[in-house]
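First comes one chain, alone, set out as structure tokens in the form predicted alone.
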């Protein structure tokens, strides 16, 4: 069986590439050993957000008195939340399958591996799956990433230890939990468990949680969460994990934190399973090296998504796939990915949304900047809907040409309008040009206009 394109992996990169190439009239085969949608849809973004939304509804109900609403006997059913999460995921997986079927893309369920390190005499790559061999002119590796398991004594085969997949599959809430890792995944789970009444301790080795985000914005979240009762231990190393807790060490010495469950969320690593035959494939720190169009060092071999180790976000994977297929088809003007304008969101409560460089990164790059700050309360809509919250919006501006280099916000619902800031960064808008954009009133997004 010969195809124009063979895609290994059916996550956001894989299914986007398959659909785009199929729409262009090309014969495409997509291999996925689990469910379409990859980590994001099945055991990542979507199930996490489904549970977080349920937790937020419960939190809002129990705090409704701030808005003049009295809600009596408020309760939640975690089993029902899990059931709803599963339904949401199944519907979205079915939707992806239908879209691929509509474009007549061949979908093969099974573990696929590249059969030979060289192409055939006629220039095709060989892929083996379920005992069948497939030939393809172009190969796209979208095998994603896996949870990183740090070499901590006591972590292996410990029934008390969860990764994010285990936590999402749990039928019951833990009585207490220690979260090892204060990154995006760790803080989102901290939000979920805290809002459902579970005592939470976050242990982070770095001096602060969410170390890659703007320091001032993160400080707002950290202060709120500490006041709310979440224990956040920074500059703290995990020395070992026991069945009943975590042994930690910081500047003040060692101690043991007891908890029913330990959730380990210290990052993800590129998954190269199935591509071992490509011995000459260039790697960097365990991830596949690609150029601006997601092409590897091997002829007609592309890689997109987490496996490239660039920015492990679903929307980055999708955009990489679009660019790679466009390059492959040579039917559209060649486009590069604007990595400087990739928005990111942390779905805590309140949300954090960010795009572009931070103030600290600008200083490291020796860029002279003007930094503007406003509390989110400058927006009337924010005031109306976020009682007791202040929030923060920061804009990093190039002091020489006045272009917008970065925007960093904390406050609900900044995830819904960070794309406007992303557009400004992507297009290199100056503050004067961005000021000409009209924002609807009253919306929280008006905070961006207030910054100008």
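Numbering follows the first chain given and starts at 1. What you are looking at is a predicted structure, and each value in this text was computed from that prediction instead of being measured.
Omitted from view is the form predicted in complex with nicotinamide-adenine-dinucleotide, to which the following refers.
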| query | finding |
| --- | --- |
| Contact label in the model of the complex: residue 274 to nicotinamide-adenine-dinucleotide, heavy atom within 4.5 Å | no |
| nicotinamide-adenine-dinucleotide contact at residue 182 in the model of the complex, heavy atom, 4.5 Å | yes |
| Interface membership of residue 268, nicotinamide-adenine-dinucleotide in the model of the complex, 4.5 Å heavy atom rule | yes |
| nicotinamide-adenine-dinucleotide contact in the model of the complex: residue 211, any heavy atom under 4.5 Å | yes |
| Interface residue in the model of the complex among 186, 350, 309, 356, criterion: non-hydrogen atom within 4.5 angstroms of nicotinamide-adenine-dinucleotide | 186 |
| Residue among 96, 161, 203, 168 with a heavy atom within 4.5 Å of nicotinamide-adenine-dinucleotide in the model of the complex | 203 |
| One stretch from 173-181, 287-295, 100-108, 359-367 that, in the model of the complex, holds residues within 4.5 Å of nicotinamide-adenine-dinucleotide by heavy atom | 173-181 |
| Non-hydrogen atom within 4.5 angstroms of nicotinamide-adenine-dinucleotide in the model of the complex for each of 231, 376 and 414 | no |
